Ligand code: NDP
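The form predicted alone is given below as one chain in structure tokens.
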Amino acid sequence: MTNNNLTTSWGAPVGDNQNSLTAGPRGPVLIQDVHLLEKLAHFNRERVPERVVHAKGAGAHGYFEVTNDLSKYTKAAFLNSVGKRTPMFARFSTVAGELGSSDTVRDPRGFALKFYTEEGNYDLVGNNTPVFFIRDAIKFPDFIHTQKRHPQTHLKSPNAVWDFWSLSPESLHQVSILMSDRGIPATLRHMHGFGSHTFKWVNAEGQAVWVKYHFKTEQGIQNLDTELAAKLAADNPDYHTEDLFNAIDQGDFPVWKLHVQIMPLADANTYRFDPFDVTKVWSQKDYPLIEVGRMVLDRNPDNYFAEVEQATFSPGSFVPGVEASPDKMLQGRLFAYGDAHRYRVGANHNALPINCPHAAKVNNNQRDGLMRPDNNGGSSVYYEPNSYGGATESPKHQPVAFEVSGQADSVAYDEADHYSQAGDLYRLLSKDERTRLVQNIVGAMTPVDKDEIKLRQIAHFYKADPEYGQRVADGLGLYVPEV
């Protein structure tokens, strides 16, 4: 019998390819998980030189203005007073397509923001959806492979897409959003943005809360129907890029209003599901939206390559008052994004004008490397600790401690309900919206060559809502066994 074991690049068999090695069920992720690190590091180096994901994008400069003082929750300086403005840069993108692909495909949109604060740059790297397809970064390279091109045909593969989704039921919530009307926004200006992950805010007294970010477009939500999107993809594949540039050029500045949900730390241990699971949303009845401020984009880039293509964003670029949560997907991204930038743009990517802090001074001992554009630290002290007046650590900015426990093991999230929120979403849609959702799914699944894959995915729809599953089955002409 042929050995078909999944192995590492050095040939050792892999025991668990679904769950990162964590301290207990919640984590955080342990750096000793060399299989996870190898997968993420190798994945970041699979394309030269464009981004592996989010390759096609558009960007603009603007500012963030505080409209509600939430300093009781966070000591982040850029949020500490009403009326305060912080310069920023935003990049919007599709996920799966290459640099020259169409803007109007059915795909999540990246929603990446860089705030040039006086305490350093803060990057919020989210999407136009509040959830994601997977909840553990160890599955990310495999997921994106299904969205990219088949290694033999160099064509997109519906078989790979739906095979992976049907074997990863946690994807159902995001799949339902993607296949809905919101899967193709009319423009980049007419979509919401989300931090998606749970983060931690810490105030000046060291008290912490969990937080989620919601950027609500003030232009209103508008979407494209499938036929018009396909026509635009053929006639003007840069439609979204052009629309954003022209709107700003004509003084029609797009605006988003930021709201947050705040959860007390203790609630994470008693909430009805794990609040760090990025495939789920928090109920706004439980944790209402709180206004924070407005994001306004009012200036186009002068040079696309220098500002949009060379812009780098990392979920790990925090400022005092903002910290990570144990979200396993976020934990993997903290490493993967910075590593991708070091490979794609270089070890000194943060010294480029679009990425360097504008209102804070970089003062560290990281020297040399390719393409160093500044004075490389000059003759200043180049190590720490030192006795010559060099940079010193700042204990008051230590992250707030949180307790971890449990055995080091590859453990899944305790919560296995992948269906309730997807079903709630389906039932919230109007009759016409449900019909279009089903039509989009049927159209996307029809090319799949195995009924086994189709039936497995239909079962997930059925568990979310029997009508949902039955309508997809009817559209595909398949009989649904009793679920």
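One rule holds for the numbers: they count along the sequence shown, beginning at 1. In this text, all values refer to a predicted model and were calculated from it rather than measured experimentally.
The next section is about a form of this same protein that is not shown, the form predicted in complex with this ligand.
Screening 73, 282, 239, 343 for any heavy atom within 4.5 Å of this ligand in the predicted complex leaves a single hit, 282. For the residues 299, 294, 190, 216, the 4.5 Å heavy atom test against this ligand in the predicted complex is passed only by 216. Proximity of 62, 303 and 307 to this ligand in the predicted complex is absent: no residue of the three has a non-hydrogen atom within 4.5 angstroms. The stretch that touches this ligand in the predicted complex, counting heavy atoms within 4.5 Å, is 283-291, out of 408-416, 134-142, 105-113, 283-291. Interface residue remark: residue 261 is counted as part of the site for this ligand in the predicted complex, having a heavy atom within 4.5 Å. Taking the partner from elsewhere, residue 55 is found to have every heavy atom lying beyond 4.5 Å of this ligand in the predicted complex.
For the chain shown alone, residue 31 is not a contact residue for this ligand in the predicted complex, no non-hydrogen atom being within 4.5 angstroms. Though the partner is left out of this view, residue 173 does reach within 4.5 Å of this ligand in the predicted complex, counting heavy atoms only. Contact residues in stretch 311-347 (any heavy atom within 4.5 Å of this ligand, taken in the predicted complex) are absent; none meets the cut-off.
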